[in-house]
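Quick heads-up: it's one chain on its own, the form predicted alone, in C-alpha cells.
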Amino acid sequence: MLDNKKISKFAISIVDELQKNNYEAYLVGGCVRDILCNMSPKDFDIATNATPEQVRKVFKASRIIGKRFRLVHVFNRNELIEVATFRSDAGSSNNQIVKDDQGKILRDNIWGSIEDDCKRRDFTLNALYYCPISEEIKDFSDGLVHIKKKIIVSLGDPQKRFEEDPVRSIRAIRFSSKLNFKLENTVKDAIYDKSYLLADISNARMFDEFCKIFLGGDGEKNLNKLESFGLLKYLIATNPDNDYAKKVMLEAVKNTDSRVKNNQSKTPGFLIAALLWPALLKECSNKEGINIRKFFRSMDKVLKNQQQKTAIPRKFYNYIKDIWILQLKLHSRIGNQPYKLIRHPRFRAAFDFMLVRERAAKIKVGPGDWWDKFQKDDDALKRKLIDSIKEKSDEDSYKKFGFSEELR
C-alpha cells in the first residue's frame, strides 16, 4: 500500500473522475516507483483505457498533444497532469502505423489493454500501476520484488529492448544512481553491447537526457558511471584525456549537485560551459599559454562539436561564451575593470566557474580568493585589493597567471 499523502490531490481527482465515467485509470511509472522507494515524486502520470478524445470530453481544462504519441494534458491553476492511453505493441498492427519514406515511425497510437501497456515499458520498477481510490497495485512483471531487492531489471530481453530504444541505457544508469539500486548483469551487458546505437539518437533528445542525468542532483555518480560504461562520449564533445580535464568535469557536476541539494538555481548553460572548458583549452593553448585569437575563434567550433551530440538551445550560446570570456577578464584586475566586471550579468556564474577551475587545478590561493574578498561591501578593501595587483598586459596575465596550472 502506498501513502496517498504523497500523491497530488489533483492527480487523485483525475483518476476518480475517469473511474466515475466507467474508465480504468491508474497512477503509473516514476511516481509509483518513487513513493515505494520513500521518495517524493516530482510529477504524476496517469494511464487509462480512455482514448485521448474521451479524456478530453471528461476534462474541459485539458488539451491533446503529440503526434507519434498522443497524450492529454489535464491542468488546473497550479498543476499539470499527463494522461496517456494504454498502448499495445506497435508491431502487432502495422496497418495503424504511420511511417515516413525512410521507414521512421511518425505515429503509432495503437490502443491496448493494461497488460499490453505494461509490456511497452522499459524497466520492471517503472511498470507498476496504482489506484489511489482502491489502494491497489497492479504488478505484471515482479516490479515490487525488484524494488525490494534494489535492482534495475529490464522488462523483456535488454539486448532487444536497448536496440529498440538505445536511450534506455542512459535511463538505467540514471535510475541506478537516483535510487541507489544495482544494475542486473544482463542490463550491464546490454549497455556495453548496444551503446553504439546512441550515436543515431537525435541531439534534441540527447539534450533532454543530458539535463536529466546531470541536473537532478546525482551528476557526480552519473558522470563516473557514464565514463565507466563508455557512454560519456555520446553526451559530451570532449575527451577527458588528462588529469585536469577529468577533475574540472568532476568539480563542475559536484558544484551542480550541491546547488540542487541546497535548492539553488541551476542551468545547463553553466554545466555545458564547464564540461567543454577542457576542449576549449585544447583548441587554443599549449604549455606556454593561451593564444587569445585562437581562444575567441575556437568557441564556436567547440559549441558546434557539442551540437552534434546534444542540442544547445540558442538562448544558452551567449551565456556559455560570456562565462568563457569572463575567465580571461577575471584574471586581469587593473584599474576600474573589477568594478565593471562585478556588475556583469554573468559575473556570478563566471566566478563560480573560476572556483571550479581552481579546485580542479588544486590552486589554494588564486584569483578566486581575490574576487571573493572584492565582492564584500567595503570600498577601502576594494581599493587595497586593486592596488595589490601589479600592472601588466592583459595577454601576459592570461598566459601566466592562473592558467599555467591547467595547461600542464
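Quantities reported herein were computed from a predicted structural model and do not represent experimental measurements. Counting begins at 1, following the sequence as shown.
This protein has a second form, the form predicted together with adenosine-5'-triphosphate, left out of what is shown; the following refers to that one.
Colleague: Give a yes or no on whether every one of Asp45, Lys178 and Arg205 sits within 4.5 angstroms of adenosine-5'-triphosphate in the predicted complex by heavy atom.
Modeller: Yes, the whole candidate spot contacts adenosine-5'-triphosphate.
Colleague: Choose one stretch from 72 to 80, 137 to 145, 235 to 243, 161 to 169: the one whose residues place a heavy atom within 4.5 angstroms of adenosine-5'-triphosphate in the predicted complex.
Modeller: Stretch 161 to 169 is the one.
Colleague: Examine Arg33 and determine whether its closest non-hydrogen atom to adenosine-5'-triphosphate in the predicted complex is within 4.5 angstroms.
Modeller: Arg33: yes, in contact with adenosine-5'-triphosphate in the predicted complex.
Colleague: Can you work out whether Arg121 and adenosine-5'-triphosphate are in contact in the predicted complex, taking contact to mean some heavy atom pair no more than 4.5 Å apart?
Modeller: Arg121 belongs to the contact set for adenosine-5'-triphosphate.
Colleague: Heavy atom to heavy atom, is His331 within 4.5 Å of adenosine-5'-triphosphate in the predicted complex?
Modeller: Close contact is absent here: in the predicted complex, His331 is far from adenosine-5'-triphosphate, nothing within 4.5 Å, heavy atoms only.
Colleague: Taking heavy atoms and a 4.5 Å cut-off, does Asn126 contact adenosine-5'-triphosphate in the predicted complex?
Modeller: Asn126 belongs to the contact set for adenosine-5'-triphosphate.
Colleague: Between Lys309, Arg174, Lys266, Lys194, only one gets a heavy atom within 4.5 angstroms of adenosine-5'-triphosphate in the predicted complex; which residue is that?
Modeller: Contact with adenosine-5'-triphosphate in the predicted complex is made by Arg174 alone.
Colleague: Can you pick out, from Arg297, Lys188, Arg259, Lys212, the residue that has a heavy atom within 4.5 Å of adenosine-5'-triphosphate in the predicted complex?
Modeller: Checked against the cut-off, the match is Lys212.
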